[in-house]
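This document starts with one chain, in the form predicted alone, laid out as structure tokens.
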Amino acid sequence: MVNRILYEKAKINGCNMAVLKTLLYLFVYPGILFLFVYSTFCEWVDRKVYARLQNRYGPLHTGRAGILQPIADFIKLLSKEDIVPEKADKGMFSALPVFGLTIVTLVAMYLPLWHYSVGTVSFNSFPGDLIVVAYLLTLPTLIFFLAGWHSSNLFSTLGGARVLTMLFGYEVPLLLAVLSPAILADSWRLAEIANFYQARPLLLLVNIIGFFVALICLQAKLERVPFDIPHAETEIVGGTFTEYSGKKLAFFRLMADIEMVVGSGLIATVFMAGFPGGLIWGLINFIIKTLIIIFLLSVMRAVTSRIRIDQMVNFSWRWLAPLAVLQLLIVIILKGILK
């Protein structure tokens, strides 16, 4: 009888801990609170690096060295008047920023960030989660297209069309690039891919071509220079976001920041052996590796200038796609040799 009572208490305590862990995962780390704080910090890092490479100071006055400027910008937008154009599809126009923010936050939940090490996987990991993450990361692009389309503005519609056109350029090379490490690891599960390369760090060098292809494709997915074609201010005002203001624009900007963090996290997982070390060291690993990727994105942004939409698509299919296929062939040949 006593054993039975102790068993039931242990079972209840185990359930309570599981619920607590899930709530912490959703709302604290790597949940909404962490994503908001860290993504705004990454925006500050990006702006400071970009500015210094152009011999400017970047954010300076809000907080120490301007570190609170992205949060101040977000709060300022929340306080601005929220205008919905008369001819816009009001339901879709208002719902899309929320959908987009929800999607990129959801993607972060599948990155193997918390309490996993070699030989174990996180509780939300499953076979094929790499494909799910790659699929979910295409949805923000479709959100941008629909936002421009339902704004019923010429500049917004043109920006939305450019978003969709770019998608056909970079999406295939990006998918091929992230699949190469998975093929060598013989797994479609992100945590197992990271574990594989943690045990065999020298094999990370095999995927160096795929790493740079994925990096360039991520820059295109984030619509940053030289791929900021869908919202080129000098050509189409603000493109997709021309009609957006107030909290809706704030949500879109936060969505872009979180997408940058999540995309960097995906690349770090498959090309940089993930984030080993449990909660604390895993967090430190995540921050260091994602900041390295964001630094490279900032450098790419600073040393290039905007290209035309046809040049972007041509570059993707002439260079990125063949390089991604080459990476795939290298991995397949090496896998055959190792067997």
Partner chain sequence: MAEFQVPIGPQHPALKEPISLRMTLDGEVIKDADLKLGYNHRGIEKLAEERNYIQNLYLTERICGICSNSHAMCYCQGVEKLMELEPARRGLFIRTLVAELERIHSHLLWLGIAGHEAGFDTFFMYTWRDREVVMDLLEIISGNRVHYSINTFGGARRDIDDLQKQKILDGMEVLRNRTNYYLNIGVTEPTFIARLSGVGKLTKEQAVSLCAVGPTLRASGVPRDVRKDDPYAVYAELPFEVCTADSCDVLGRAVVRIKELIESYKMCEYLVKNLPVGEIKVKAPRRVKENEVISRYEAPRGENMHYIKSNGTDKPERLKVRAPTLANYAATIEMLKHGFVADIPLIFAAIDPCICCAERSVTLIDSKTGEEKRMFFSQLRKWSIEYYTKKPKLTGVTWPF
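Residue numbers count along the first chain shown, from 1. Owing to the predicted nature of the structure, the values given are computational and were not obtained by experimental measurement.
In what follows, reference is made to the form predicted together with its partner chain, a form of this protein that is not presented.
Although the partner is absent from the chain shown here, Q54, E233 and R306 each have a heavy atom within 4.5 Å of its partner chain in the model of the complex. Only one of L77, L142, V225, V84 lies close to its partner chain in the model of the complex, with a heavy atom inside 4.5 Å, and it is V225. Proximity to its partner chain in the model of the complex, taken as a non-hydrogen atom within 4.5 angstroms, holds for one residue of V132, L164, L204, L154, which is L154.
Here the chain stands alone, but in the model of the complex its contact with its partner chain, taken as any heavy atom within 4.5 Å, falls in 298 to 306 among 59 to 67, 39 to 47, 270 to 278, 298 to 306.
In the model of the complex, at least one heavy atom of Q311 sits within 4.5 Å of a heavy atom of its partner chain. Of the heavy atoms in L158, some are within 4.5 Å of its partner chain in the model of the complex. By the criterion of a heavy atom within 4.5 Å, A88 is excluded from the residues contacting its partner chain in the model of the complex. Using a 4.5 angstroms threshold between heavy atoms, V237 counts as touching its partner chain in the model of the complex.
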